[in-house]
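Presented below, as C-alpha coordinates, is a lone chain in the form predicted on its own.
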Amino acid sequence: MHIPDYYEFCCRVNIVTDHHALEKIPELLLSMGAKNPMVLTDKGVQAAGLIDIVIGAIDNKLSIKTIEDQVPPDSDLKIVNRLACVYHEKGCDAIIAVGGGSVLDTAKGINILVSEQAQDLMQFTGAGVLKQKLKPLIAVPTTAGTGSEVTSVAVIADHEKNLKMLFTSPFLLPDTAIIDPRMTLTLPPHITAATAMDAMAHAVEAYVMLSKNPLSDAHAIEAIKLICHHLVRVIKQPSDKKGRLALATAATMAGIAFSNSTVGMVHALGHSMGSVCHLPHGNCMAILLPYGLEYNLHKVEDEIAELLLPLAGEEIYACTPQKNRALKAIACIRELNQILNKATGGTHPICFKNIKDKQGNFLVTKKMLPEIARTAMGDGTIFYNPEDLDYEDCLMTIQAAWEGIPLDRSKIKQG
(Lines give C-alpha, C1' and ligand atoms only; values in the text may rest on other atoms or scores of the structure.)
Protein backbone atom coordinates (compact mmCIF):
# COMPACT_ATOMS: atom_id res chain seq x y z
CA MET A 1 0.00 0.00 0.00
CA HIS A 2 1.33 3.44 -0.96
CA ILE A 3 1.10 5.85 1.97
CA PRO A 4 1.23 9.50 0.92
CA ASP A 5 3.69 11.77 2.70
CA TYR A 6 0.85 14.15 3.60
CA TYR A 7 -2.87 13.64 4.05
CA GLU A 8 -5.68 14.83 6.30
CA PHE A 9 -8.52 12.83 7.81
CA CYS A 10 -11.39 14.29 9.80
CA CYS A 11 -14.61 12.89 11.23
CA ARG A 12 -15.82 15.02 14.09
CA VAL A 13 -19.33 13.58 14.04
CA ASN A 14 -20.55 11.76 17.14
CA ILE A 15 -22.09 8.57 15.69
CA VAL A 16 -24.76 6.80 17.75
CA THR A 17 -25.73 3.41 16.36
CA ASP A 18 -28.36 1.17 17.90
CA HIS A 19 -31.76 -0.36 17.28
CA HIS A 20 -33.07 2.34 19.67
CA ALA A 21 -30.61 5.14 18.98
CA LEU A 22 -33.36 7.73 18.51
CA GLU A 23 -34.04 7.78 22.22
CA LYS A 24 -30.63 9.44 22.73
CA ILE A 25 -31.66 12.62 20.89
CA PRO A 26 -32.98 14.63 23.90
CA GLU A 27 -29.88 13.92 25.97
CA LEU A 28 -27.62 14.86 23.08
CA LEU A 29 -29.35 18.14 22.26
CA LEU A 30 -29.65 19.21 25.87
CA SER A 31 -25.92 18.58 26.33
CA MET A 32 -25.35 21.12 23.53
CA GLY A 33 -27.53 23.70 25.28
CA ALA A 34 -30.44 23.33 22.85
CA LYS A 35 -34.04 22.37 23.59
CA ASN A 36 -36.17 24.04 20.89
CA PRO A 37 -35.43 22.18 17.68
CA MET A 38 -36.88 22.42 14.20
CA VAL A 39 -37.63 18.95 12.84
CA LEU A 40 -36.89 18.92 9.12
CA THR A 41 -38.09 16.17 6.79
CA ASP A 42 -39.94 15.50 3.54
CA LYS A 43 -43.46 14.36 2.77
CA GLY A 44 -42.41 10.79 1.99
CA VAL A 45 -40.75 10.33 5.36
CA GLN A 46 -43.73 11.95 7.05
CA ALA A 47 -46.20 9.71 5.21
CA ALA A 48 -44.19 6.60 6.12
CA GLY A 49 -44.78 7.36 9.81
CA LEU A 50 -41.09 7.83 10.58
CA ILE A 51 -41.55 11.25 12.16
CA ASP A 52 -44.04 9.68 14.58
CA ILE A 53 -41.30 7.26 15.64
CA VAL A 54 -38.86 10.13 16.18
CA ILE A 55 -41.40 12.19 18.15
CA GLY A 56 -42.23 9.14 20.24
CA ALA A 57 -38.55 8.62 21.01
CA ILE A 58 -38.13 12.25 22.06
CA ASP A 59 -41.06 11.71 24.47
CA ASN A 60 -41.77 15.38 25.29
CA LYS A 61 -38.23 15.88 26.60
CA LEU A 62 -37.70 18.69 24.08
CA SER A 63 -39.89 21.57 22.95
CA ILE A 64 -40.25 20.94 19.21
CA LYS A 65 -41.08 24.32 17.69
CA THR A 66 -42.04 23.17 14.20
CA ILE A 67 -42.07 20.16 11.91
CA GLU A 68 -41.30 21.14 8.31
CA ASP A 69 -41.87 18.54 5.59
CA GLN A 70 -41.60 20.68 2.45
CA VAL A 71 -38.14 19.52 1.37
CA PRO A 72 -38.16 18.45 -2.32
CA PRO A 73 -36.29 15.43 -3.77
CA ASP A 74 -33.42 17.77 -4.75
CA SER A 75 -32.41 20.24 -2.06
CA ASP A 76 -33.49 23.63 -3.37
CA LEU A 77 -32.05 27.12 -2.86
CA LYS A 78 -35.47 28.75 -2.42
CA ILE A 79 -36.59 26.17 0.15
CA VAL A 80 -33.39 26.71 2.15
CA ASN A 81 -33.98 30.45 2.23
CA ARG A 82 -37.64 30.11 3.23
CA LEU A 83 -37.03 27.56 5.98
CA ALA A 84 -34.23 29.66 7.45
CA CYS A 85 -36.84 32.37 7.97
CA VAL A 86 -39.17 29.86 9.62
CA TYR A 87 -36.36 28.79 11.96
CA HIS A 88 -36.00 32.37 13.18
CA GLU A 89 -39.76 33.04 13.36
CA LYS A 90 -40.40 29.96 15.51
CA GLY A 91 -37.52 30.63 17.89
CA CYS A 92 -35.61 27.42 17.12
CA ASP A 93 -32.14 26.76 18.46
CA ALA A 94 -31.26 23.48 16.68
CA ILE A 95 -32.20 21.25 13.76
CA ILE A 96 -33.15 17.57 13.79
CA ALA A 97 -32.95 16.49 10.14
CA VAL A 98 -34.82 13.27 9.40
CA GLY A 99 -34.52 12.06 5.82
CA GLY A 100 -32.29 11.24 2.90
CA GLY A 101 -29.57 13.29 1.29
CA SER A 102 -31.84 16.13 0.20
CA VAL A 103 -33.18 16.68 3.71
CA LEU A 104 -29.73 16.52 5.28
CA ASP A 105 -28.22 18.88 2.69
CA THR A 106 -31.16 21.26 3.15
CA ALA A 107 -30.55 21.21 6.89
CA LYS A 108 -26.89 22.10 6.33
CA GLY A 109 -27.90 24.99 4.08
CA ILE A 110 -30.41 26.30 6.62
CA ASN A 111 -27.80 25.97 9.34
CA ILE A 112 -25.40 28.16 7.39
CA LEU A 113 -27.95 30.96 7.08
CA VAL A 114 -29.26 30.88 10.66
CA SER A 115 -25.80 30.55 12.19
CA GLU A 116 -24.25 33.29 10.06
CA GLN A 117 -27.31 35.56 10.32
CA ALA A 118 -27.23 35.73 6.53
CA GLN A 119 -29.85 35.89 3.80
CA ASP A 120 -27.88 34.86 0.71
CA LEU A 121 -26.66 31.26 0.73
CA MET A 122 -24.70 31.85 -2.47
CA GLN A 123 -22.04 33.83 -0.62
CA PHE A 124 -20.98 30.58 1.10
CA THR A 125 -20.42 28.39 -1.96
CA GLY A 126 -17.11 26.64 -2.42
CA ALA A 127 -14.62 25.55 0.22
CA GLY A 128 -13.28 27.25 3.33
CA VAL A 129 -15.79 30.13 3.43
CA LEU A 130 -17.30 29.25 6.82
CA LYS A 131 -15.11 30.30 9.74
CA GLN A 132 -17.07 29.30 12.86
CA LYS A 133 -19.14 26.52 14.40
CA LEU A 134 -22.80 26.39 13.37
CA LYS A 135 -25.96 25.73 15.39
CA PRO A 136 -26.54 22.21 16.77
CA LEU A 137 -27.55 19.74 14.05
CA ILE A 138 -28.58 16.13 14.55
CA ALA A 139 -28.79 14.03 11.39
CA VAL A 140 -31.14 11.04 11.26
CA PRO A 141 -30.71 9.32 7.86
CA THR A 142 -33.72 7.43 6.53
CA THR A 143 -31.85 5.91 3.60
CA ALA A 144 -28.68 3.84 3.68
CA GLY A 145 -26.90 5.68 0.93
CA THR A 146 -25.93 9.34 0.93
CA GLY A 147 -23.62 9.39 3.93
CA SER A 148 -24.58 13.06 4.39
CA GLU A 149 -24.83 12.47 8.12
CA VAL A 150 -21.01 12.37 8.31
CA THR A 151 -19.92 14.58 5.41
CA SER A 152 -18.68 18.15 5.32
CA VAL A 153 -20.48 18.73 2.02
CA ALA A 154 -23.91 19.95 0.96
CA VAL A 155 -25.21 19.90 -2.61
CA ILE A 156 -28.06 22.37 -3.15
CA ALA A 157 -29.79 22.97 -6.46
CA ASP A 158 -30.68 26.20 -8.18
CA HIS A 159 -33.47 24.83 -10.34
CA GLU A 160 -33.91 28.07 -12.26
CA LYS A 161 -30.34 27.73 -13.58
CA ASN A 162 -30.28 23.90 -13.73
CA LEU A 163 -27.24 23.88 -11.44
CA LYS A 164 -26.21 21.96 -8.36
CA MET A 165 -24.00 24.05 -6.09
CA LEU A 166 -21.38 22.62 -3.77
CA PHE A 167 -20.84 23.85 -0.24
CA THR A 168 -17.99 22.35 1.75
CA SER A 169 -16.53 23.03 5.18
CA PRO A 170 -15.70 21.02 8.31
CA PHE A 171 -18.30 23.20 10.05
CA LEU A 172 -21.02 21.56 7.93
CA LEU A 173 -20.46 18.25 9.69
CA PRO A 174 -23.50 17.42 11.86
CA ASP A 175 -22.86 17.27 15.58
CA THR A 176 -24.37 13.79 15.83
CA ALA A 177 -25.52 11.12 13.40
CA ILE A 178 -28.25 8.79 14.66
CA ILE A 179 -28.05 5.41 12.90
CA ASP A 180 -31.24 3.57 13.78
CA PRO A 181 -32.50 0.75 11.49
CA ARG A 182 -36.13 1.64 12.28
CA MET A 183 -35.63 4.55 9.89
CA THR A 184 -34.94 2.32 6.86
CA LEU A 185 -37.30 -0.60 7.44
CA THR A 186 -40.03 0.90 5.25
CA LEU A 187 -37.79 1.57 2.23
CA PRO A 188 -39.14 -0.19 -0.87
CA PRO A 189 -36.76 -2.51 -2.75
CA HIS A 190 -35.90 -0.13 -5.59
CA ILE A 191 -34.97 2.69 -3.20
CA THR A 192 -33.01 0.28 -0.99
CA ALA A 193 -31.07 -0.75 -4.09
CA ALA A 194 -30.51 2.78 -5.42
CA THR A 195 -29.37 4.24 -2.11
CA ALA A 196 -27.04 1.34 -1.40
CA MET A 197 -25.45 1.80 -4.82
CA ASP A 198 -25.01 5.47 -3.98
CA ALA A 199 -23.00 4.34 -0.94
CA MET A 200 -21.13 1.87 -3.15
CA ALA A 201 -20.15 4.69 -5.52
CA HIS A 202 -18.95 6.79 -2.59
CA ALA A 203 -16.76 3.97 -1.32
CA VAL A 204 -15.40 2.89 -4.71
CA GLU A 205 -14.58 6.39 -5.91
CA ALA A 206 -13.03 7.25 -2.55
CA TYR A 207 -10.70 4.29 -2.98
CA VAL A 208 -9.43 5.28 -6.44
CA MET A 209 -9.33 9.08 -6.27
CA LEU A 210 -6.17 11.18 -6.27
CA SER A 211 -6.59 12.26 -2.63
CA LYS A 212 -7.12 8.77 -1.18
CA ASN A 213 -5.34 7.87 2.05
CA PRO A 214 -4.99 4.79 4.26
CA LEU A 215 -7.74 5.85 6.69
CA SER A 216 -10.29 6.61 3.98
CA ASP A 217 -9.29 3.36 2.26
CA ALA A 218 -10.11 1.31 5.37
CA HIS A 219 -13.60 2.82 5.64
CA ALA A 220 -14.21 2.38 1.91
CA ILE A 221 -13.22 -1.29 1.81
CA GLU A 222 -15.38 -2.21 4.81
CA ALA A 223 -18.36 -0.32 3.36
CA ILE A 224 -18.07 -2.25 0.07
CA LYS A 225 -17.90 -5.57 1.93
CA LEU A 226 -21.00 -4.78 4.00
CA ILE A 227 -23.02 -3.72 0.94
CA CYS A 228 -22.07 -6.80 -1.07
CA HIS A 229 -22.85 -9.11 1.84
CA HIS A 230 -26.20 -7.64 2.88
CA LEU A 231 -27.86 -5.71 0.03
CA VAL A 232 -29.53 -8.45 -2.01
CA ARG A 233 -30.57 -10.27 1.17
CA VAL A 234 -32.25 -7.13 2.56
CA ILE A 235 -34.10 -6.53 -0.70
CA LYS A 236 -35.49 -10.05 -0.49
CA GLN A 237 -36.15 -9.75 3.27
CA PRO A 238 -36.97 -6.07 3.94
CA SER A 239 -37.67 -6.62 7.65
CA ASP A 240 -34.11 -7.88 8.31
CA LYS A 241 -33.14 -5.41 11.04
CA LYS A 242 -29.54 -6.59 11.28
CA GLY A 243 -29.13 -6.31 7.53
CA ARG A 244 -30.67 -2.83 7.56
CA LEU A 245 -28.28 -1.75 10.30
CA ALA A 246 -25.35 -3.19 8.31
CA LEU A 247 -26.34 -1.21 5.20
CA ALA A 248 -26.81 1.96 7.26
CA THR A 249 -23.38 1.42 8.78
CA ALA A 250 -21.91 0.91 5.30
CA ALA A 251 -23.43 4.17 4.08
CA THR A 252 -21.96 6.02 7.05
CA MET A 253 -18.53 4.47 6.53
CA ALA A 254 -18.64 5.31 2.82
CA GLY A 255 -19.60 8.86 3.73
CA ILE A 256 -16.57 9.13 6.02
CA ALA A 257 -14.39 7.71 3.24
CA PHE A 258 -15.38 10.09 0.47
CA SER A 259 -15.60 13.08 2.76
CA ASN A 260 -11.86 12.60 3.32
CA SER A 261 -10.84 11.28 -0.10
CA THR A 262 -13.37 13.04 -2.37
CA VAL A 263 -15.14 11.58 -5.41
CA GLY A 264 -14.61 12.07 -9.13
CA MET A 265 -16.18 11.76 -12.56
CA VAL A 266 -18.98 9.39 -11.56
CA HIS A 267 -20.33 12.09 -9.29
CA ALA A 268 -19.61 14.91 -11.72
CA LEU A 269 -21.68 13.14 -14.38
CA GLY A 270 -24.28 12.02 -11.85
CA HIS A 271 -24.80 15.50 -10.47
CA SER A 272 -25.29 16.74 -14.03
CA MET A 273 -27.74 13.96 -14.85
CA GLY A 274 -29.70 14.94 -11.76
CA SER A 275 -29.75 18.65 -12.47
CA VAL A 276 -30.66 18.36 -16.17
CA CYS A 277 -32.96 15.32 -16.10
CA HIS A 278 -34.00 15.27 -12.43
CA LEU A 279 -33.06 11.62 -12.01
CA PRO A 280 -32.66 10.05 -8.55
CA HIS A 281 -29.01 10.33 -7.57
CA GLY A 282 -28.68 6.68 -6.55
CA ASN A 283 -29.83 5.49 -9.98
CA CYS A 284 -27.24 7.73 -11.63
CA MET A 285 -24.50 6.35 -9.40
CA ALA A 286 -25.44 2.72 -10.04
CA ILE A 287 -25.37 3.16 -13.82
CA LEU A 288 -22.29 5.39 -14.05
CA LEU A 289 -19.99 3.64 -11.56
CA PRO A 290 -18.58 0.95 -13.91
CA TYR A 291 -18.07 3.57 -16.63
CA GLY A 292 -16.03 5.77 -14.33
CA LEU A 293 -13.82 2.82 -13.47
CA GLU A 294 -13.40 1.89 -17.14
CA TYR A 295 -12.42 5.46 -17.98
CA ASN A 296 -9.82 5.61 -15.21
CA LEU A 297 -8.57 2.03 -15.61
CA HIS A 298 -5.20 2.88 -17.17
CA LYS A 299 -4.39 5.28 -14.31
CA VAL A 300 -5.57 3.27 -11.27
CA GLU A 301 -5.67 -0.35 -12.44
CA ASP A 302 -3.96 -1.63 -9.28
CA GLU A 303 -6.46 0.09 -7.00
CA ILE A 304 -9.43 -1.17 -9.01
CA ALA A 305 -7.95 -4.67 -8.93
CA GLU A 306 -7.77 -4.49 -5.13
CA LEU A 307 -11.51 -3.78 -5.03
CA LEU A 308 -12.22 -7.26 -6.35
CA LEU A 309 -11.58 -8.69 -2.86
CA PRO A 310 -14.41 -6.83 -1.06
CA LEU A 311 -16.65 -7.00 -4.14
CA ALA A 312 -16.40 -10.74 -4.82
CA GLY A 313 -14.76 -12.37 -1.81
CA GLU A 314 -11.54 -14.25 -1.16
CA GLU A 315 -12.20 -17.27 -3.38
CA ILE A 316 -12.92 -15.35 -6.58
CA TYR A 317 -10.11 -12.90 -5.85
CA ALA A 318 -7.60 -15.73 -5.38
CA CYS A 319 -8.76 -17.56 -8.52
CA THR A 320 -8.55 -14.48 -10.74
CA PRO A 321 -5.13 -13.75 -12.30
CA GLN A 322 -3.69 -10.40 -11.24
CA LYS A 323 -3.90 -8.98 -14.79
CA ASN A 324 -7.65 -9.71 -14.91
CA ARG A 325 -8.68 -8.49 -11.46
CA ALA A 326 -9.47 -4.89 -12.36
CA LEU A 327 -11.77 -5.82 -15.24
CA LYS A 328 -13.34 -8.52 -13.07
CA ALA A 329 -14.07 -5.93 -10.38
CA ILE A 330 -15.84 -3.72 -12.92
CA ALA A 331 -17.78 -6.76 -14.18
CA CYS A 332 -18.86 -7.52 -10.60
CA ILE A 333 -20.47 -4.09 -10.29
CA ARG A 334 -22.33 -4.56 -13.57
CA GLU A 335 -23.41 -8.01 -12.42
CA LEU A 336 -24.68 -6.57 -9.12
CA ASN A 337 -26.78 -4.05 -11.06
CA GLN A 338 -28.27 -6.90 -13.09
CA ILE A 339 -29.06 -8.86 -9.90
CA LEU A 340 -30.69 -5.78 -8.38
CA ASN A 341 -32.70 -5.21 -11.54
CA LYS A 342 -34.10 -8.72 -11.28
CA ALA A 343 -34.62 -8.57 -7.51
CA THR A 344 -36.59 -5.32 -7.79
CA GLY A 345 -38.82 -6.50 -10.60
CA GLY A 346 -37.02 -4.39 -13.20
CA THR A 347 -37.26 -1.09 -11.31
CA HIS A 348 -33.51 -0.81 -10.68
CA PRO A 349 -32.16 0.66 -13.96
CA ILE A 350 -29.06 -0.59 -15.75
CA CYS A 351 -28.88 2.12 -18.45
CA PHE A 352 -30.30 5.59 -18.94
CA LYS A 353 -32.27 5.15 -22.15
CA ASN A 354 -34.92 2.97 -20.51
CA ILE A 355 -35.70 5.13 -17.45
CA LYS A 356 -39.28 6.41 -17.46
CA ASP A 357 -41.41 8.50 -15.13
CA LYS A 358 -44.75 7.37 -13.68
CA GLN A 359 -46.53 8.51 -16.85
CA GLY A 360 -44.28 6.39 -19.04
CA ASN A 361 -42.25 9.29 -20.45
CA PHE A 362 -38.52 8.80 -21.03
CA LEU A 363 -36.54 10.92 -18.56
CA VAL A 364 -33.28 10.96 -20.53
CA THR A 365 -33.30 11.44 -24.28
CA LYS A 366 -30.27 11.38 -26.54
CA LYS A 367 -30.78 15.09 -27.26
CA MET A 368 -30.14 15.86 -23.58
CA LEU A 369 -26.69 14.27 -23.47
CA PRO A 370 -24.67 17.26 -24.79
CA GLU A 371 -26.20 19.55 -22.14
CA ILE A 372 -25.41 16.98 -19.45
CA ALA A 373 -21.78 16.79 -20.63
CA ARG A 374 -21.44 20.58 -20.65
CA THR A 375 -22.90 20.82 -17.16
CA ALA A 376 -20.50 18.16 -15.87
CA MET A 377 -17.52 20.27 -16.90
CA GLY A 378 -18.47 22.80 -14.23
CA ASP A 379 -18.70 20.26 -11.40
CA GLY A 380 -15.95 20.58 -8.80
CA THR A 381 -15.54 16.83 -8.24
CA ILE A 382 -14.09 16.42 -11.72
CA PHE A 383 -10.75 17.88 -10.57
CA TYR A 384 -10.02 14.91 -8.29
CA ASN A 385 -10.48 12.33 -11.03
CA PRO A 386 -7.33 10.29 -11.86
CA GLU A 387 -7.60 11.02 -15.60
CA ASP A 388 -8.43 14.43 -17.07
CA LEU A 389 -11.77 14.91 -18.80
CA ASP A 390 -12.97 17.36 -21.39
CA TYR A 391 -16.41 17.81 -22.93
CA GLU A 392 -15.88 15.06 -25.52
CA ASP A 393 -14.80 12.60 -22.81
CA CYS A 394 -17.89 13.33 -20.73
CA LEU A 395 -20.16 13.01 -23.74
CA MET A 396 -18.55 9.74 -24.83
CA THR A 397 -18.99 8.27 -21.33
CA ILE A 398 -22.64 9.21 -20.89
CA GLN A 399 -23.47 8.07 -24.44
CA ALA A 400 -22.17 4.60 -23.53
CA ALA A 401 -24.07 4.68 -20.24
CA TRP A 402 -27.22 5.78 -22.07
CA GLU A 403 -26.96 2.81 -24.42
CA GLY A 404 -25.87 0.40 -21.68
CA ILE A 405 -22.76 -0.74 -23.56
CA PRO A 406 -19.18 -0.92 -22.23
CA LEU A 407 -16.98 2.13 -22.73
CA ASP A 408 -14.68 2.00 -25.77
CA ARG A 409 -11.41 2.47 -23.90
CA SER A 410 -9.43 2.89 -27.12
CA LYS A 411 -11.01 6.35 -27.49
CA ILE A 412 -9.88 7.64 -24.09
CA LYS A 413 -7.28 10.40 -24.39
CA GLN A 414 -4.63 9.52 -21.85
CA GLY A 415 -3.14 12.49 -20.02
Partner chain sequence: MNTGNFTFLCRTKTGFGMNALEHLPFDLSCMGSQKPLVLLDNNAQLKGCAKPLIRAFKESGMTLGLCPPIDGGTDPNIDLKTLKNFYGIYIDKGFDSIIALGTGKVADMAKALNIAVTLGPDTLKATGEKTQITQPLTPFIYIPTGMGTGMETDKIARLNGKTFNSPFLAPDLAIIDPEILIQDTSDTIINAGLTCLATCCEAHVLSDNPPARAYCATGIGLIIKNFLPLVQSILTPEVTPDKKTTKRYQTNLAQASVITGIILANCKGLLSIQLGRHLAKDSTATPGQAMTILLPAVLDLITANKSDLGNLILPLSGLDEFSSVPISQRPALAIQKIRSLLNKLYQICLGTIPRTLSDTGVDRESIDALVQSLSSDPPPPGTDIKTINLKQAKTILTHALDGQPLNQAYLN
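Since this is a predicted model, take the numbers as computed values, not measurements. Residue numbers count along the first chain shown, from 1. By rigid core we mean the largest C-alpha set that fits within 1.5 Å across both forms.
The same protein also has a form predicted together with its partner chain, omitted here; what follows describes it.
Visitor: For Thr249, is any heavy atom within 4.5 Å of its partner chain in the model of the complex, or not?
Guide: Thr249 belongs to the contact set for its partner chain.
Visitor: So in the model of the complex, does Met32 come within 4.5 Å of its partner chain, heavy atom to heavy atom?
Guide: So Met32 counts as contacting its partner chain.
Visitor: Quick one: does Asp74 come within 4.5 Å of its partner chain in the model of the complex, counting heavy atoms only?
Guide: Answer no; every heavy atom of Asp74 is more than 4.5 Å from its partner chain in the model of the complex.
Visitor: Could you confirm whether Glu222 comes within 4.5 Å of its partner chain in the model of the complex, counting heavy atoms only?
Guide: Within the cut-off, so yes.
Visitor: Tell me, out of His230, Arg182, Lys328, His190, which residue has a non-hydrogen atom within 4.5 angstroms of its partner chain in the model of the complex.
Guide: By the 4.5 Å heavy-atom cutoff, the listed residue in contact is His230.
Visitor: If you check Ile287, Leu226, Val263, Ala94 against its partner chain in the model of the complex, which one has a heavy atom within 4.5 Å?
Guide: Comparing distances to its partner chain in the model of the complex, the residue within 4.5 Å is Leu226.
Visitor: Could you tell me if all three of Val16, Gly128 and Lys131 have a heavy atom no more than 4.5 Å from its partner chain in the model of the complex?
Guide: Heavy-atom distance to its partner chain in the model of the complex: all three under 4.5 Å.
Visitor: Pick from 338 to 346, 274 to 282, 313 to 321, 113 to 121: which stretch has a heavy atom within 4.5 Å of its partner chain in the model of the complex?
Guide: Checking each option against the 4.5 Å cut-off leaves 313 to 321.
Visitor: Let me know which residues along 277 to 309 have a heavy atom within 4.5 Å of its partner chain in the model of the complex, or say none if there are none.
Guide: Read in sequence order, the residues that approach its partner chain (within 4.5 Å, in the model of the complex) are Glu306, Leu309.
Visitor: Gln237: with the rigid core matched between this form and the one not shown, does its Cα shift 2 Å or more?
Guide: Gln237: C-alpha displaced by less than 2 Å between this form and the one not shown.
Visitor: C-alpha of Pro136: shift of 2 angstroms or more between this form and the one not shown, rigid core aligned?
Guide: Yes, the C-alpha position differs by at least 2 Å between this form and the one not shown.
Visitor: Superposed on the rigid core, does the Cα of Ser169 end up 2 angstroms or more away between this form and the one not shown?
Guide: Yes, the C-alpha moves 2 Å or more.
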